[in-house]
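Only one chain is included here, represented as structure tokens and corresponding to the form predicted alone.
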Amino acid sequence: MTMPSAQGGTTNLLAFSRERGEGKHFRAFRVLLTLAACVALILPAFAQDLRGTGDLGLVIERAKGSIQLLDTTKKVALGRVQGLGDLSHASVVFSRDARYAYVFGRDGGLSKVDLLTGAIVKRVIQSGNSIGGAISQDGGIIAAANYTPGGVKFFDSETLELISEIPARSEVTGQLSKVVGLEEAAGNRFTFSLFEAGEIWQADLSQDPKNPKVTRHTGIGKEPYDALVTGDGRWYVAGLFGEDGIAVLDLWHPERGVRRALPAYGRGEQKLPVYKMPHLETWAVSGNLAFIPGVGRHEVVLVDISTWQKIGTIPVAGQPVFVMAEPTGRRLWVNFAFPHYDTVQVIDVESREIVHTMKPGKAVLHMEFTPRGEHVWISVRDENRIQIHDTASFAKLGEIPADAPSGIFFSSRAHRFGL
């Protein structure tokens, strides 16, 4: 007897089964085929074919508590995942294999999303008010920063089971503080700031994740509101809301303590109202220079990171919110707070001049580069779309409808510090 050919499909397969035996065996086989067909119909179309995850990503649809999954090669949306809670200030990190996205919601929700199936693997409400999180160097620990009640919780990245937590209670003030600027560091360590207490803490989970070792740096400045870790994992920098300046911790030599820098940078000398505080996580670093948004000023500030001294400024169209470097480091892309929030400007790092200005639409909230930087994706909230541009020619390559889009996050972040 010959086996059925591939062209025969299901009909030949059923015929073959009848030859082998009728009755209950055939009926059982038919049930299995039916179940298999149902599963194939239930799975999202984009999950049926084998594929990698390196060119996937997502965009936050903040008003609806949903995300859209994105394919950056085909420049299309793959599907929508709903039921993610309050995403008014959402952030995302990715698993080591870049398959899973961990979404931190403002309502304290922590959701693990499968980029290949478009399904929520697990969701926990881990606090009353959360402001973001990070993933450990080895990918095994998810850390969530909380405003309410104030502290950091650590979860197993596979199961989202709670491993341990650190209440952010200052030994100086005796009070709990909001946690901001939570960033991962080498060796399964995390660094974060306490807003009310004016402190920077380091949590070492490398030896015993159930009992983190905490190092506290006090008196670092008034009201740290956000922070970053440079791409090489060396410098932790906290911006100060309550006074001028920044606080800098060398993660190679934390025993040297926190030093203050840029005493003229911040709110104290501003001549303009601050419509939106800049996000420090998008300070651009190129070579030994950092390019940072001027708070309340129409300028990008240049800082030498070997000394953390200001060495110049670049005038721009408005108050910058994000200053983002292309992966090559050659150009910077800048967006702005209201009323210039319809504008994006591109700065050439070598000449320090603006080489292009575009107006994608009202409320440009975020930009994200493809892994090697050939394209930039721009969320335009009030126009309900994402725009895709070529970074060499600035030509518009396409757009994707989205419901009040804000943050765009690509899976290439899985392999970079501070993102």
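What you see is a predicted model; the values in this text were computed from it and never measured. Quick note: we count residues from 1 along the sequence shown, nothing fancier.
Separately, the form predicted in complex with a further copy of the same chain exists; it is not shown, and the next lines address it.
Exactly one listed residue, out of 96, 122, 169, 259, brings a non-hydrogen atom to within 4.5 Å of a further copy of the same chain in the predicted complex: 96. Stretch 283-291 is the contacting one of 283-291, 337-345, 122-130, 83-91, since its residues have non-hydrogen atoms within 4.5 Å of a further copy of the same chain in the predicted complex.
In the predicted complex, a further copy of the same chain sits beyond 4.5 Å of every heavy atom of residue 383. Taking non-hydrogen atoms only, residue 210 never approaches a further copy of the same chain to within 4.5 angstroms in the predicted complex.
The closest heavy atom approach of residue 330 to a further copy of the same chain in the predicted complex falls within 4.5 Å. When contacts are judged by a 4.5 Å heavy atom cut-off, residue 368 does not count as touching a further copy of the same chain in the predicted complex. Scanning 104-131 for heavy atoms within 4.5 Å of a further copy of the same chain in the predicted complex gives 116, 117 in sequence order.
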